[in-house]
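Next up: a single chain in structure tokens, the form predicted alone.
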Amino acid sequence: MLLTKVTEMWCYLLKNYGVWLGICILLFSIILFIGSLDYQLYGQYGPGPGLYPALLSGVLILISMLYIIDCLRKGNKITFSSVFPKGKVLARLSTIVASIIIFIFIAPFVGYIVSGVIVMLMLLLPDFKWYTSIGVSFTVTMILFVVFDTILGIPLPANIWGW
């Protein structure tokens, strides 16, 4: 009898998206709170650099615990299947995540312009004709390169030719 109730409760927890989201936010806020303790809470002239992060992460800990408790109540269940996208939307979302990961890994080797064009092509080719995708990818990447690297002086990943 007790084992059955524990099993039911465990299954309920595993399938409840809200509980998992609350646990993730709780862990994140605990990490922030611990990190904020590395800084002074009070300085010579008033609040130190660690006071507001400690206060905000403490409030976030409290809110996430209340959210977990609220999600554990019967009848307040959010399932994973009702939250995550399916079909074509899931494919588009996977493409976006894959393009970001590819950009992170290839940008230091091939430079910003080549990796930017590749990522933009990955995102545009499913919806536009190939020549439109190439033109937009190259133009947008070059505009961003000129704005950030040349005008603002923000260093971007460069290849052996400096672009």
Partner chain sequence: MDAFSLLMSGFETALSWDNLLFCLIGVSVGMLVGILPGLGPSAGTALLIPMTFGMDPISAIVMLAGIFYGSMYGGTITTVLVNVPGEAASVITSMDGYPMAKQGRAGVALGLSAIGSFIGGVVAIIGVTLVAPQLVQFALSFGPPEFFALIVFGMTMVVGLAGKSIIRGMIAVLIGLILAVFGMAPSSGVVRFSFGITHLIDGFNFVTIAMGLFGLSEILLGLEQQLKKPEKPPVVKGLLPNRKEWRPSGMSIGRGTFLGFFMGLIPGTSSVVPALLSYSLEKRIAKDPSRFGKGAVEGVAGPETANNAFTGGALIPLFLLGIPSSATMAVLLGAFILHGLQPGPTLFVRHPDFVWAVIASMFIGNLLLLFMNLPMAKIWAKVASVPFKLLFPIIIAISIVGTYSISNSLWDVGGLLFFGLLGYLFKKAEIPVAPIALMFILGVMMEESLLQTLTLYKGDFWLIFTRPIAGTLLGLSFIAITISIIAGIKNKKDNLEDAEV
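As the structure is a prediction and not an experimental result, all values here were calculated from the model. Rigid core (definition): largest C-alpha set, two forms, superposition within 1.5 Å. Positions refer to the first chain, counted from 1.
Omitted from view is the form predicted together with its partner chain, to which the following refers.
- The closest non-hydrogen atom of Ile154 lies within 4.5 Å of its partner chain in the model of the complex.
- The closest heavy atom approach of Val119 to its partner chain in the model of the complex falls within 4.5 Å.
- The shortest heavy atom separation between Leu144 and its partner chain in the model of the complex is within 4.5 Å.
- A residue is said to contact a partner when one of its heavy atoms sits within 4.5 Å of a partner heavy atom; Tyr45 meets this definition for its partner chain in the model of the complex.
- Only one of Ile134, Leu27, Val114, Ile63 comes within 4.5 Å of its partner chain in the model of the complex through a heavy atom, and that residue is Ile63.
- With contact defined as any non-hydrogen atom lying within 4.5 angstroms of its partner chain in the model of the complex, the contacting residues in 30 to 48 are Leu32, Gly35, Ser36, Tyr39, Tyr42, Tyr45, Pro47, given in sequence order.
- Positional change of Ala54 between this form and the one not shown reaches 2 Å or more at the C-alpha, relative to the superposed core.
- Once you line up the core between this form and the one not shown, the Cα of Cys24 ends up 2 Å or more from where it was.
- With the core held fixed, Ile68 shows a CA shift of 2 Å or greater between this form and the one not shown.
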